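Starting off, we have a lone chain in the form predicted alone, written out as structure tokens.
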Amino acid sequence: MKKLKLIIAREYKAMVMSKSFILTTMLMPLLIVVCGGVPALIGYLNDAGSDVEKVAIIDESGRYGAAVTDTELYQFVALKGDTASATNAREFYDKSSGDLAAVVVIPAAVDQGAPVTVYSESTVNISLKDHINRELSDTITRAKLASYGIEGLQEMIDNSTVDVDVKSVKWSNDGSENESSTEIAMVLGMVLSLFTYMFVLMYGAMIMNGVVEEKTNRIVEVIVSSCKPFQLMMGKILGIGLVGLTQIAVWTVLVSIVMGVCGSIAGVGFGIMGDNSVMLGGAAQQAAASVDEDTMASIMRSLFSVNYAAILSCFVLYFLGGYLLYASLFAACGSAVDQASDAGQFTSPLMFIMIIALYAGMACIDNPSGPMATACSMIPFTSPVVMMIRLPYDVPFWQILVSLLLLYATAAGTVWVASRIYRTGILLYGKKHGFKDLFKWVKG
């Protein structure tokens, strides 16, 4: 045990004290926030830098051409249907000398299902098609309703359209009621499953690369003269596992601090908006009017209805179990090769299983209590990812217990198998090995 502790301490200190670990730990939360805002920024810059394109509309019906309004990207020019038609659309396009980006032909029977055609020398942008579809669909629908001659029909239909607000409430064992949010549970489950997938693969690859490096530099020959190969393998696995737990702990503290600060700022900001609503501009007044005190209180109750302590505890247990399971196999793969590039034949099945686990977890979002979700959360190779999706939906305790027992029992088995491979492969050089050799080493 003394030798094992020394190996664990060495691996832990070497990783935690490195500059890459410190930078990754401190900058990763900021990077996640930035990555979340980058798509919106890119979309804004993409639209802001575009020139307005002219699009000609040939309205053969003579009724719906004016329905397509201009946007920030497109300016629509209507042509009379009696002088322009689908047959001479190309003529109008050529005469424009490049001023027209496309020509839209609205047929006379468009209100009877005839398709609208967009002509262009290049592939038509999806934004243009969507805009034309939306504008013409709304206009033609209103025109058809008006053709029935029923006074006030459109107003009656508009008034009869009701947007139902569905909220979820959980009953506690003592009979009390607590608001919950399906959306929050879904997002939390997806984030935890992605973190589990990322951590297990990232730290498993670290162990494999470390084993290959020590084997290539022949350092391992000196180390195993002072300790058993099993102690060396477990020391590396447990040391890097503690590094992962340290990183999770630091991120948990940072996220808690940020959430607390943001909650305080939001509360103060909402109070200022409420007290000074008269002084606000039009957009700010609309935003303040759309978020009242009851809505804000409902959001806060939903956020705090999640049992974060229980979910985080289960996340740590599943992370450790999944990490032990996969990290031991990655260590075995590293011991069987002389270069990291040769490990692909052994690591590909592990990567494939992890990808299946991730896809299974995403598929279980719609039905987290279904038979597939329950089965995948019991299979040790997929449970660390799939169970993260299910945990925010209050999984029965017996399922969590059975799943953890199966996970750790399988992890113990894979550690034993990996140790048999590791102790033999770590001292073999100059020959490429296959799965047949690995099975031989396991049998001893």
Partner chain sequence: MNYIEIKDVVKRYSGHTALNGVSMSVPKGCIYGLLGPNGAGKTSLIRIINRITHQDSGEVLLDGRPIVDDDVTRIGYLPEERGLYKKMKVLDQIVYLARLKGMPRSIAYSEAMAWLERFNLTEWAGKKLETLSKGMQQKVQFIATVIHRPQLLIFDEPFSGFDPVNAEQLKQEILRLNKEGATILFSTHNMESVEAVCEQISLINHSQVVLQGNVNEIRRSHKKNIIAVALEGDAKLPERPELYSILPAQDSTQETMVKLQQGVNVREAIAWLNDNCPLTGFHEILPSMHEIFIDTVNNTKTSQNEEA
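Residue numbers count along the first chain shown, from 1. This structure is a prediction, so every number in the text was calculated from the model and none was measured.
Omitted here: the form predicted together with the partner chain. The next part is about that form.
This chain is displayed alone, yet in the model of the complex one of R218, R134, K144, R90 has a heavy atom within 4.5 Å of the partner chain; that residue is R218. Only one of V222, I126, V258, V187 comes within 4.5 Å of the partner chain in the model of the complex through a heavy atom, and that residue is V222. Interface membership of L438, defined by any non-hydrogen atom within 4.5 Å of the partner chain in the model of the complex, is ruled out. Taking the partner from the other structure, the partner chain in the model of the complex has no heavy atom within 4.5 Å of any heavy atom of V16. For the chain shown alone, N367 is not a contact residue for the partner chain in the model of the complex, no non-hydrogen atom being within 4.5 angstroms. For the chain shown alone, Q339 is not a contact residue for the partner chain in the model of the complex, no non-hydrogen atom being within 4.5 angstroms. With the partner omitted here, the stretch from 224-232, 68-76, 320-328, 367-375 that lies within 4.5 Å of the partner chain by heavy atoms in the model of the complex is 224-232. Residues are counted as partner-facing when one of their heavy atoms sits within 4.5 Å of the partner chain in the model of the complex; in 413-427 only L427 qualifies.
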